[in-house]
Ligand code: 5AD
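One chain comes next, on its own, written as structure tokens: the form predicted on its own.
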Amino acid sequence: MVLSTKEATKTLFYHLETFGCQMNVNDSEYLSGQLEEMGYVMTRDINIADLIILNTCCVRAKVEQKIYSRAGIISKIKKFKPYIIFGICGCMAQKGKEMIKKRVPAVDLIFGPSQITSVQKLLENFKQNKRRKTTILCDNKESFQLASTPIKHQSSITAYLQIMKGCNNFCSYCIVPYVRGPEESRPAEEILLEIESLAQKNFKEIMLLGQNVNSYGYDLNLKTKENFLTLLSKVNNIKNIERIRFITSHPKDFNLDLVKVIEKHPKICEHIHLPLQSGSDTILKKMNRKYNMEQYYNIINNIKEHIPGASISSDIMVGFPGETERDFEETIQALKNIGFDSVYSFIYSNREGTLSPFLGKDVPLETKKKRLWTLLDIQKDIANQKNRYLIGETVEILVESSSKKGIEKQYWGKTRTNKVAVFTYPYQEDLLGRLVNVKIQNADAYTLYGELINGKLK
């Protein structure tokens, strides 16, 4: 898209806000890349923006409420600055385009996740219509084309990279398959070329993204025999990439073969995010998770046997319809038995169009809150104990950011096991993007604190 002569004579600013998962963050990177190719400049100040976009999430009701509140503030700004273009995109736009149009009449653009790479065309169509009506385009069956789409990475060290889109699992509480569409894998050759390009640009870490990365290649397999295991092996062979991570895995597809691939390849980090959701077989069956606790424990045992020292994180939901005290106690027992390094826990939220509301009696909100705080307290103690166990150990840190602390610089990075570590370094040399060894001196449930080994680097 080419800007008009009048537009080209002034700097046009865009303001972009992202809600939700790493996939949404990566989608916003593609939005930024396209907009900046058009000549827009990013601004954090919403009051000077010519274009404002909310990239949305709809996994839980609470985040939708937050988005609508934010949209109300932007609508007030637009009332006094009618020339501003206001867009709402992403999962919530896909799910409720008509509701958004009704509740936010000031919105100009509504488009779904599959149209993220078409923002230039959408803006052009809107302007050709002389801004007379809202432009809506939400087709989750549209194939996504990422290879030729400009992108602006948020980090110069870690790059997010989508290897597939969509989901075929249809967990009874989840709306993602309806808003992201069916699974579609990108060709392995395309992915590998992109990673090689990132390596040439000095990116050190790659995060492979998918709603269920373990099922990567199922839709390609008849033609290419590619799957997630072969992809990981090929990514491991790319020079100058130091670390490989991936998210998210589904327990029903996570097998011993994958554990052995992680064990074998040195660049794949020893951190596995494996959503449990519930420790009760009764609730897991209602959730349509397609595994039981015996199978989940078997996966955990395989990880601990073949990858000693690996960290395991998880997602756990409380208050699913019909969840009894016994079901919840089984979840707590699983939490204690497994000893997760970290857990993202949340209260069940009814999503329109899913089956979960019909599968049991709603759990009172106060009971949900009580269970959540119980779980959080127990997990905090587990995480604190596991992190403090590392005091005195030396760990490898990939340095990701820094800030001034008096006359010294404080650096922040992550271990291979995805634990946050902080240390200070008194010299002028910039450590960003470097792999360094840090001896852990203290720790709490969320952070490791240490000192750089051997003082000044050579």
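The model shown is predicted, which means the values in this text are computed figures rather than measured ones. All residue numbers are counted from 1 along the displayed sequence.
Another form, the form predicted in complex with the ligand, is not on view; read the next lines as being about it.
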Does the ligand come within 4.5 Å of any heavy atom of I67 in the model of the complex? no
Would you please decide whether D315 lies within 4.5 angstroms of the ligand in the model of the complex, comparing each non-hydrogen atom pair? yes
4.5 Å heavy atom contact, R351 to the ligand in the model of the complex: yes
4.5 angstroms heavy atom contact with the ligand in the model of the complex for L335: no
Determine which one of 381 to 389, 166 to 174, 264 to 272, 191 to 199 lies within 4.5 Å of the ligand in the model of the complex, judging by heavy atom distances; exactly one does. 166 to 174
In the model of the complex, the residue from V59, V399, I53, L35 with a non-hydrogen atom within 4.5 Å of the ligand is V59
If we test each of S280, Q277, Q162, Q94 for a heavy atom within 4.5 Å of the ligand in the model of the complex, the one that passes is Q277
